[in-house]
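This document opens with one chain alone, in structure tokens, the form predicted alone.
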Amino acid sequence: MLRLIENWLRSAINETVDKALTRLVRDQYPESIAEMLPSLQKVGGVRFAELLMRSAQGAPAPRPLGSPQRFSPWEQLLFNPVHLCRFPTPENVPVATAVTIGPRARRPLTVAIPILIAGMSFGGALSKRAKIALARAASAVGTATNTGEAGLLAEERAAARLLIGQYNRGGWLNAPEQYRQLDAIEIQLGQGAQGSTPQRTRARNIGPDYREVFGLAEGEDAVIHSRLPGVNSQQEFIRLVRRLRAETGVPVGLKIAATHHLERELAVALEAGVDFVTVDGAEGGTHGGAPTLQDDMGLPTLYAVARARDYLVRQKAAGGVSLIAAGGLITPGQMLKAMALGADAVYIGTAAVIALIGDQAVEALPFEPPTSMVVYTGKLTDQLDEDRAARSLQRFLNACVTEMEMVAVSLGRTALADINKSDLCALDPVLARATGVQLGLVAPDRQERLFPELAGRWQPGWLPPAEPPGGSLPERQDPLEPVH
């Protein structure tokens, strides 16, 4: 019987394909289904789908997880292993991974690894289960997670050993009784995927738990304004930073979308006395943003990090003001390259969410996207296993740091923080000019003949210390330790 069914199916499929191919080649091009092929190639699959969504809905298509375009040419930067000019780090010498954010603050934030979980809000982006799992994984490896633009979720605060909270444009975490519970305050003025554009979550998508955390009335929309409430001048921003620093003692920083006005923005931030700056490149993700905001606005992460670091150095603020890179950092190599260009730490969002879902994605596929298990409005949020999710992200973070340590050994470094531009070479002359990384196509002694205007800007290499840095720093758990 099964043989008969199989033969019938094969025959039916064969006949259908034969008729389709015959019609394909005989019909005139405008009447053929093949007419879609050049259209798809010309427009692109993603843009084709979004074009249809705009025409059907009459509104921007809220694309999740950021732009599919790859703006930062990370693959054009490579690390320089050493053999004799400087010896690799002995395998019995540990590589220091800890970093301190806001060293000038009365209560600096020290994390065991330089990878932080980016701001993704409860309700506006992620479910409660997802936020708790992110916090638990971050705590297990000794790093910090971020509230995103939301109110203070009690369960997240309880699960997070270190919590960075966003003083935000919605005003939901801006009261003293809330921000005094934080380990660092990040004043959120914009993000890479949406700039400073206002956002609105309709009341119909807001459940009771969301309303409670955000302090919203029944039927009230959640609105993120283009400006921070009460901050309509540079002087008002400066007063806000100084008040928060004096009142809390924790690091107070600024998060902005990377922009060609970067140095002008940083000048105001430094005058205010911020402890850290988060620069979110154009590749930054979001729970759902207009494609034009994601694809056509901002500055790529790679160039933003290099420019921000150069400005901090010129202003003699590097070392005192921490720089956090964000926006499309997916692989450990990209994260470490951002640090080599001058970032003290990096945020990951999209990568963290994908790692959080991990092998639970099979529970959603093929009929629902895996993100339906973690976004607040997803159909499958109740199916996310918090333990498995936290464990999956913990393993991912440990694997990333292990790979970073392996690179450090090959570079002859004993701390991730010691890796710098001299450990990189660029494969593109324009990239070399822009970043101050030497061009790998020619010998180091020929660099200044090629780029005389950059004379003295190249960062020389240096010998690593014989012993690893001392001091008491937090340690991440062994990869096999359970998440508590």
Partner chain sequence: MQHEDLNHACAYIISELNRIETVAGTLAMIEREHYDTLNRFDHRELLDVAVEEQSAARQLSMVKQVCGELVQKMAEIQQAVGRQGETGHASSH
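Model, not experiment: these values are computed from the prediction. Numbering follows the first chain given and starts at 1.
The form predicted together with its partner chain exists for this protein as well; it is not shown, and the discussion that follows is about that form.
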Among the candidates Thr248, Gln360, Asn398, Gln76, the residue which, in the predicted bound form, approaches its partner chain to within 4.5 Å (heavy atoms): Asn398
Name the single residue among Ser139, Asn174, Gln199, Gln334 that comes within 4.5 Å of its partner chain in the predicted bound form, judging by heavy atoms. Ser139
How about Asp310 - does it come within 4.5 Å of its partner chain in the predicted bound form, if we only consider non-hydrogen atoms? no
Just checking whether Thr402 would be counted as a contact of its partner chain in the predicted bound form - the rule being heavy atoms within 4.5 angstroms. yes
Hey, in the predicted bound form, does Ile132 get a heavy atom within 4.5 angstroms of its partner chain? no
Please determine whether Asn80 contacts its partner chain in the predicted bound form, using a 4.5 Å cut-off between heavy atoms. no
Want to guess which of 97 to 105, 348 to 356, 371 to 379, 267 to 275 is within 4.5 Å of its partner chain in the predicted bound form, heavy atoms only? 97 to 105
Contacts from 98 to 113 to its partner chain in the predicted bound form (any heavy atom within 4.5 Å), listed N to C, are Ala98, Thr100, Thr110, Val111, Ala112, Ile113
